[in-house]
Each structure stands twice: as structure tokens, then as C-alpha cells.
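We begin with a single chain expressed as C-alpha cells, specifically the form predicted on its own.
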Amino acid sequence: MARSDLEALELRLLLDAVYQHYGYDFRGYARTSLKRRIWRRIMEEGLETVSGLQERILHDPDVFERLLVDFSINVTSMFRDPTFFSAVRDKVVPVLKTYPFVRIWIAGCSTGEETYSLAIVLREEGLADRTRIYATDINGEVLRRSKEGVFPVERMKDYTRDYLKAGGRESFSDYYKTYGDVVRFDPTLVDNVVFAQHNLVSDSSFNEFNLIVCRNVMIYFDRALQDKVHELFYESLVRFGILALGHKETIRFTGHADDYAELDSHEKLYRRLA
């Protein structure tokens, strides 16, 4: 058997073992991204093969938790893609203001930067008090960090710049306090946020939402898994609810392509038709 074929077999066995033993299903994730993260974990654990990692994670839950963090890591920052948050202010907020109460789902919230960014926008637009945000991620440790709202102080210059580009109306530094080399954001920003574990691959819809934000998550999924998640989002949106995707993602070529109207084609904002 060729080396590449053997590695492919080992990867399948590893993902099957994770699913059977821990209940996490990564079998529909894009293989290139998975392989890179798995090999990083192999090297950091001092191992040499995918099979060696499989044996280790089956007998040591701590190793699996570290692998789960590897799978969960996404590149994120506050007010990432400022034009997206400008579009939220200009095109999404007016729609949300027509509802007496708003429910928002941030799917794949990672370490919380997007959650706090959206919470700031809602506060400045007068919507915070009648909005409930559900910030979910597959990884419990990532959720804990997200809820804390603690970030390196060195990032604040870039975050401030992007906040202003996104249409920020206040002094960004008023939203956090500095403690040495870290800052902690105002805890009241997340008073109306529910942080919870949710697996897009295996878990079902848990509420109806006026807005679902899932940016730069499905780029790690294969086409079949993307279709499955789009079905979940469609079922979870209220009529005329809004779906927000990342710049490299689209509703086109999915089974629900005709069920949405473009609210903003560049910022990948779609409004459910019925």
C-alpha cells in the first residue's frame, strides 16, 4: 500500500474512533485542514504516526481535548472584516428593529471576538436590551475563554482601528479595562448572551432565530456537510430571518439557494423568503 493510501486509511480510522468513542463527528470536514491540524497534534505529543495518535486519544481523554482545541481554532479578531459590521448596522439592524424581541445565533463563536463585536453594535444601535444572543461552539474550553472576554492588550490598536472602520460611535477603550498585558471587556456586554456547546455536525435546531451568523466556519466542511448545515440554518430561521456567511462562503449551489434573497451580495447577507 502506498504511503498516501496508508495515511488516508489511518485518518479514516482515527475519525471513526473519535466519533465512536467521544461522539464528535469530524468525518465531513475538509481533509486538507484536518490533516494539517492532526499532524500538528502528532508532533506536539511526541508521536510519529496517525495511528499512534489514535491509540493515545482513545486511552487519554486529555490528549483528545487538546486535539479538539486544534480542530476548533479559527482565525478571528474583533470587528474582523469591518465592512461586514457596517453592513449589519445599515442593513440588518433596521430589520431587527421591526421585531419586539430578537434572537441571534452565532454558530462557531470561537474565542468570543465576534460575539463581543456584535454585542457592541447592538448596544450602540439600541437593541441590546431586547436581544438574546446564543453563542455556540463545539469546544467547551473555547467557550469558557469566550465568556471571560479577556484578550491581549497588544491587539487593542488593531481592534480599535477596525471598530472605527465598522462605524463605531463611541470611544472603544470605554468598553474594556486593562490589567497588565491583557484587557477584560465589560461583562455587561454579554448579560444577554447564552454561551453553550453545540455541534453543527450532529446537533439539531434548538430555537428560531431572526439572525444567524456563521462566518468562516463552513470553509472547513466538505460539500455534503455544508448542505447539512444549511438545512439546519434554514430550519432555524424565522420567516424573513437573515443568514450571515463569510466572504468565501455562499448560499449558491446549496439546496436552499432559491429560498433566500440577497440582502448584501458582497457581505454575504441573505434573507429567508418563506
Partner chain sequence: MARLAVIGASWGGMDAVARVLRQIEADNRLAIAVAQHRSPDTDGILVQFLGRHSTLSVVEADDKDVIEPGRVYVAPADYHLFVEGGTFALSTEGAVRFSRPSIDLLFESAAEAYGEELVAVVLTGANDDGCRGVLAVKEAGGLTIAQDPSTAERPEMPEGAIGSGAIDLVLPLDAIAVELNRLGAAERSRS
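Keep in mind it's a predicted model, so treat the numbers as computed, not measured. Residue numbers count along the first chain shown, from 1.
Only in words, not in the display: the form predicted in complex with its partner chain, which the text now covers.
Visitor: Quick one: which of 240-248, 202-210, 53-61, 227-235 gets within 4.5 Å of its partner chain in the predicted bound form, going by heavy atoms?
Guide: Of the stretches listed, the one contacting the partner is 240-248.
Visitor: Quick check: do W105, H256 and R272 each get a heavy atom within 4.5 Å of its partner chain in the predicted bound form?
Guide: No, because W105, H256 and R272 lack any heavy atom that approaches its partner chain to within 4.5 Å in the predicted bound form.
Visitor: Heavy atom within 4.5 Å of its partner chain in the predicted bound form: which of R80, R89, H198, R123?
Guide: So the residue touching its partner chain in the predicted bound form, by this definition, is R80.
Visitor: Considering its partner chain in the predicted bound form, which of R169, R145, K97, K165 comes within 4.5 Å of it through any heavy atom?
Guide: By the 4.5 Å criterion, the partner-contacting residue is K165.
Visitor: Please run the contact check for R66 against its partner chain in the predicted bound form: heavy atoms, 4.5 angstroms, yes or no?
Guide: Result no; R66 lies far from its partner chain in the predicted bound form.
Visitor: Is there a heavy atom of D222 no more than 4.5 Å from a heavy atom of its partner chain in the predicted bound form?
Guide: Output for D222 is yes: heavy atoms within 4.5 Å of its partner chain.
Visitor: Does S33 reach its partner chain in the predicted bound form if we count a contact as any heavy atom within 4.5 Å?
Guide: Close contact exists here: in the predicted bound form, S33 approaches its partner chain to within 4.5 Å, heavy atoms only.
Visitor: So, R27 and its partner chain: in the predicted bound form, are they within 4.5 Å at any heavy atom pair?
Guide: No, R27 is distant from the partner.
Visitor: With the partner left out here, which residues of 95-132 have a non-hydrogen atom within 4.5 Å of its partner chain in the predicted bound form?
Guide: Heavy-atom contacts within 4.5 Å come from no residue here.
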